[in-house]
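Let's start with one chain on its own, the form predicted on its own, as structure tokens.
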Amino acid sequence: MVEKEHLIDLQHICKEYDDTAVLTDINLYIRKKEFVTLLGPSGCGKTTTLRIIGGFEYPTSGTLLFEGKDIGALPPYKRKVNTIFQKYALFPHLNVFDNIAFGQKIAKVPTKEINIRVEKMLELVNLRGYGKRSVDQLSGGQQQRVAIARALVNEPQVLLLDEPLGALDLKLRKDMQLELKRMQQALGITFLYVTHDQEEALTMSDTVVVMSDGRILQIGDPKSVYDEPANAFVADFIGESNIMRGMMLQDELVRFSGANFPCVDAGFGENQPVDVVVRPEDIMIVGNDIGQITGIVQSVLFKGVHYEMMIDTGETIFKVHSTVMQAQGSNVGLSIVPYNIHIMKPMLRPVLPSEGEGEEEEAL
């Protein structure tokens, strides 16, 4: 596989407001024709990172390169990027065609060329024939498509999208996720997308960048970030997880929830505290006479595709997803195959009242 060229490089980017760090040592490269998503909770620094790339903010320190050239001091209009925000900021006094053509007219592009480009964009965003309509007559999803067309008609090398689906209902969001990915692939340009929605990130991205507290915690393709989270925060934020304290007894053998489990991890040393992650869908419910551990089904919820059961083993309450329901109150066995157990170095986190007194936090 041929490695794509770097388009954007962020090198040791830091940003402070009133001596408060918002971004700390951000190092990230974005390749040509790549769909990259910055994912994290509110306040993690993902929008600030996007705004620095767009030229709406300037870093306190560090270097921002575009095709190898330092653009850290360039204003937004001199950068080969366009930005779409959650509020589409369409011009209500202009129809769909004129909204899309606005930037082209400002740039004094010939009228004939504008007409060709706008019609091409209308077809790309599935709004062919909508050119003369008022934007007030459009649904939220259609308005969002107009905003995308208005940005893309300027032929940017990079499209920055700051939570553009946030105002849409659930079904429309899912439809637009697929539409955005289709457009990105059809145009072959770089998309940098900001969201706090894990499903959006996993659905659309080539690369996911997980952020927290102004730092990058993990970078990878959606499958590797989901299957191999770098730490407990990533595991908890990306999908649902059972996260437990454990003890690495030796290579490929870990103890948690009162039992020893074979695993595929190594290199942690002997008798070392670790964090253990097991996804709910990776726990098998078996007979209580053959399970590695046993428990009692506390609750059962039907989630449409699967049942979600909370199973109390005495040591741990496991969340389990299964297509086969077990009755509340029944005794079951639980089995976990080695490659579904993920071992990580422990993180600092609060001690629960039952785990210790007089301490605010501890490291395993």
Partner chain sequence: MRKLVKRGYLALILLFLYIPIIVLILQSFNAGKSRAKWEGFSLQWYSELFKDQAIMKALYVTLSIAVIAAIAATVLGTLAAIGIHAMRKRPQAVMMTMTNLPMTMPDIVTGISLMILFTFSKIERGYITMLLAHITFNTPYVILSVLPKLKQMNKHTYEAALDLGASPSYALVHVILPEISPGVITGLLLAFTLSLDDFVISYFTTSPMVQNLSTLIYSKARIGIEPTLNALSALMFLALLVLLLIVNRRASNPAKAR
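Just so we're on the same page, rigid core means the largest C-alpha set that superposes within 1.5 Å between forms. Please read these numbers as outputs of a predicted model, since none were measured by experiment. Residue numbers count along the first chain shown, from 1.
This next part talks about the form predicted in complex with its partner chain, which is not shown.
Contact between Thr207 and its partner chain in the predicted complex is not found at the 4.5 Å heavy atom cutoff. Its partner chain in the predicted complex is not approached by Gln272, whose heavy atoms all lie more than 4.5 angstroms from it. In the predicted complex, none of the heavy atoms of Met176 sits within 4.5 Å of a heavy atom of its partner chain.
At the 4.5 Å threshold, heavy atoms of His93 reach its partner chain in the predicted complex. Taking Val125, Ile293, Val81, Val118 one by one, only a single residue has any non-hydrogen atom within 4.5 Å of its partner chain in the predicted complex, and it is Val81. With the partner omitted from this view, the residue of Gly140, Pro262, Gly103, Gly239 that lies near its partner chain in the predicted complex is Gly103 [heavy atom within 4.5 Å]. With its partner chain left out of view, the stretch that reaches within 4.5 Å of it through heavy atoms in the predicted complex is, among 228-236, 279-287, 83-91, 214-222, 83-91. Although the partner is absent from the chain shown here, Arg51, Pro76 and Arg150 each have a heavy atom within 4.5 Å of its partner chain in the predicted complex.
Once the rigid core is overlaid between this form and the one not shown, Val135 counts among the residues whose Cα shifts by 2 Å or more.
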